[in-house]
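A lone chain, given as structure tokens: the form predicted on its own.
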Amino acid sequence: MFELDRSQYPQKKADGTLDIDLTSGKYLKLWQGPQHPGITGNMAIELTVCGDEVVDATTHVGYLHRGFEKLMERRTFMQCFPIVCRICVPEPDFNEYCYAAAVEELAGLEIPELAHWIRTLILEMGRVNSYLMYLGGQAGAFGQGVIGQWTTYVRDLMLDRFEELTGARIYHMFIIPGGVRDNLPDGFAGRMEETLREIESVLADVDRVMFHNAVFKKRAVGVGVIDTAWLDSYGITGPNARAAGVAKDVRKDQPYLVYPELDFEAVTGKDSDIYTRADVRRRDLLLSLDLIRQILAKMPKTGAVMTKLPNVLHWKIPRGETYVRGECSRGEYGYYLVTDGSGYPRRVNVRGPSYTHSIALFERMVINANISDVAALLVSLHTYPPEIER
């Protein structure tokens, strides 16, 4: 194998920047994105390579709708509700839940029990959709396009269930301050069971074709290892942390909604490479299918789904602050909400895992990586750029 002369790599200058002279002929600057098919979203990576190895990388964002947090400061509490789901398009429901839960805590609202069950159901349905999109993207980054076709097919079946329940396929806007908009339709559990069985059937094929594929193993095993010493300093959570053997899962660490009433354990791995992160997500997806079955079996069949709200056009919430968090498919997702007694949020800050994973962590991990592995490495961190540009 050809070995680069690492003595020719750029050295750091006194100010901490790299000494890269593009006129020397040793280095080449390349841009990957913002429309690269291997990246899960519209973001760009400015790469500097020496031969086929990356020696420097800078993440560039700004190619999406953005500025949600400031937009919310100019809108009433209920007007903010249709904005938040845009912060994470593939998994919008976590924004709906975190925002609604923060508003409810500061307003002193009590949510009906049935609404808690339906919220948990929706969050697990959204987690399934997110993981299915991820599996197709991770396989596609290694040239296995057929996996993406399979996972898109079954993801569309879950979108059918979302449409049946909420009336929408992508932005559901179903979890609102006070509860949820409606109960489950008649026969929903039976149709959901059919969908879950079809997803399990396809995942069995994905396991054989993707995870037992010699090429996938060759390119994913031992590549993109996350050092456990980085977890806290880089704010690494979710599957990226659990693949390193650390069972970080808000559903278990700080239970919310009805997760205390469900039987499950956090899915972990040990090798912390691209392959392990993919396998942890595959197994977590299967866990979500089981949790959906548990929820449908245990939840009350009747009851209120919304608490009585004041006039939302003139809703003023007392002064206060809170932080509400949950476990989305990529890790800890949280909302910090500050109110000042007016009819508008004083400050909203969204903690999305993509921010820490795909900028600080990625820019460190990609150094010395082969240029052909850059897309796969970024996808393995499961990045959704709107969370960065919020």
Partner chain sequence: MQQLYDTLSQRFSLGEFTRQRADLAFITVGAVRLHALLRHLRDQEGFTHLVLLTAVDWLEDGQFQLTYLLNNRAKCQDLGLRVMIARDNASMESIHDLWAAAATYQRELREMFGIDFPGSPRLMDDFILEGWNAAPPYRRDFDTLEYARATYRERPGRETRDPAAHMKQQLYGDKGDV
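Predicted model, so just to flag it, every value in this text is computed and none were measured. Residue numbers count along the first chain shown, from 1.
Although it is not shown, the form predicted together with its partner chain is what the next lines describe.
Only one of the listed residues (K316, R74, R191, R197) places a non-hydrogen atom within 4.5 angstroms of its partner chain in the predicted bound form, and that residue is R74. Under a 4.5 angstroms non-hydrogen atom cutoff, its partner chain in the predicted bound form has K248 among its neighbouring residues. Remark: V324 counts among the residues lining its partner chain in the predicted bound form, judged by a heavy atom distance of 4.5 Å or less. Although the partner is absent here, D340 is a contact residue: one of its heavy atoms lies within 4.5 angstroms of its partner chain in the predicted bound form. Under a 4.5 angstroms non-hydrogen atom cutoff, its partner chain in the predicted bound form has E105 among its neighbouring residues. Contact with its partner chain in the predicted bound form, defined as any heavy atom within 4.5 Å, is confined among 174-182, 235-243, 127-135, 290-298 to 235-243. Highlighted residues H60, K70 and E363: every one comes within 4.5 Å of its partner chain in the predicted bound form, counting any heavy atom. Residues from 84-98 do not approach its partner chain in the predicted bound form: none has a non-hydrogen atom within 4.5 Å of it.
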